[in-house]
Ligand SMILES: Cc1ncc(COP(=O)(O)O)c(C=O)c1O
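The chain that follows stands alone, in the form predicted on its own, written as structure tokens.
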Amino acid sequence: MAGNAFPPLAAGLLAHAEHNYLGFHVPGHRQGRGAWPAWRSLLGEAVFALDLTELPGLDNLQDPQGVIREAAAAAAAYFGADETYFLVNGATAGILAVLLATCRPGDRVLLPRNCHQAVIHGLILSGAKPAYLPVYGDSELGLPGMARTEDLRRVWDAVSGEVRLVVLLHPSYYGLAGELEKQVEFAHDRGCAVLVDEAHGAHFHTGVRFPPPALRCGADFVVQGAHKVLGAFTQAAFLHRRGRGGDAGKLRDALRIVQTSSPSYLLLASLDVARQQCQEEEPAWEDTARLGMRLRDEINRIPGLLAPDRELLGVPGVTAFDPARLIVNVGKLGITGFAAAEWLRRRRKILVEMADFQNMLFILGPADLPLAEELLAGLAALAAAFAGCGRGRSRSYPDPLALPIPRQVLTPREAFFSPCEAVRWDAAVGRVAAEVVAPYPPGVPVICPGEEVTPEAVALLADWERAGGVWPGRSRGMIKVVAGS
């Protein structure tokens, strides 16, 4: 296919490859001639021909002036940003860069308790002090909710010191959205910038059947994991800046710190292509939203299964949901979501995005439109296989969001750089944590660095283990705490 059929950066790579240069430069596979033959045969010649570096005509991610700049400008125009940055270290790199660019040691950052761990890592790098917004869950559905505006107002009024940044989640991993526009307006009225983690919502821009995108809600910084829902390669993401998005030069400097100086042009080009594909497939995304709602109706006719739709609006803080995120609750079958997902994998060769104690999560996209009947057949077979096992009742499971937020003794940065030691869970009570402890799924922190380890937190981890849940570090049976605390 001719290069001019592709968007700017991808077209630039193709144009370069067509020159058939004799290159004596990195990467070491030398555009395929130095690659292991079996590997080259498996992946094909084009992958190696386009895995390039900063060469004449191909621009430089650290200071884009050519095709990368042109591709980023096209993304900014489509998504509605003043400026868009291409990320090759995931949405994580964007979160870290914004915190580094906007916060100084001691500044206050308001963030929801169910934030991604990257936000905690950004606090460690920047030295900012967290003030956590409580998030409440729905025990019947087994779903975490969203931060509420009244809690944002209450926490804001209670903190000491200047609030430099508010971090919000939109949507959650489960596709749930809250009062984002109202919360952004609240922060702006107080002169504060807002960073929105929209890692799972890059497709919201495609139509009104989805929750409103964060940029349209007034957010100043937005990160999107373009690989999660759009067609970009894994690890490729966008960072958008607009409005009160601060000093653009400082943000670019921060990105140079957290991004590699040898970016993959395959990842960069995949972002360019993902943006163009998203634009071209907007009608297909509308069809995907319709499919998600139809699947909910049909799944709800299968005895023992629940695919919540309107019920999601009863989850604390939730005002909208992504119809392309299909949640299937299996509690009434008397099995966990973990067991259901494993059954689908073994018996039907269907892989879910994520499972928890009560639910399975399926991510839908335009490519899944022909697969609806196969998915429905697999879920019907699952329900039939476990019919009668649960007698229609759901079990009760531990909920990390039900815990009170622990006392903050040190900042995350102070805890990270303090001498530390690993102790058994039962010996950690009253000590100051030096690491994040976040059971998965859904990855809600039970303990964050700098917080006092409470008896309730340790008891919840024990309940979580008995129920079959895990968390990073569980296997060692220890918690890292600040020495002498």
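All residue numbers refer to positions in the sequence shown, first residue = 1. Since the model is a prediction, treat every value here as computed from it, not as a measurement.
Below: the form predicted in complex with this ligand, not depicted.
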Does this ligand come within 4.5 Å of any heavy atom of residue 89 in the predicted complex? yes
Although this ligand is absent from this view, report whether residue 228 comes within 4.5 Å of it in the predicted complex, heavy atoms only. yes
Taking 4.5 angstroms as the cut-off for heavy atoms, does residue 199 touch this ligand in the predicted complex? yes
is_contact(residue 95, this ligand) in the predicted complex, heavy atom dist at most 4.5 Å: yes
Of the listed stretches (411 to 419, 220 to 228, 380 to 388, 262 to 270), which one has a non-hydrogen atom within 4.5 Å of this ligand in the predicted complex? 220 to 228
Residue (of 129, 203, 116, 240) lying close to this ligand in the predicted complex, criterion heavy atoms within 4.5 Å: 116
Among 169, 232, 214, 328, which has at least one heavy atom within 4.5 Å of this ligand in the predicted complex? 169
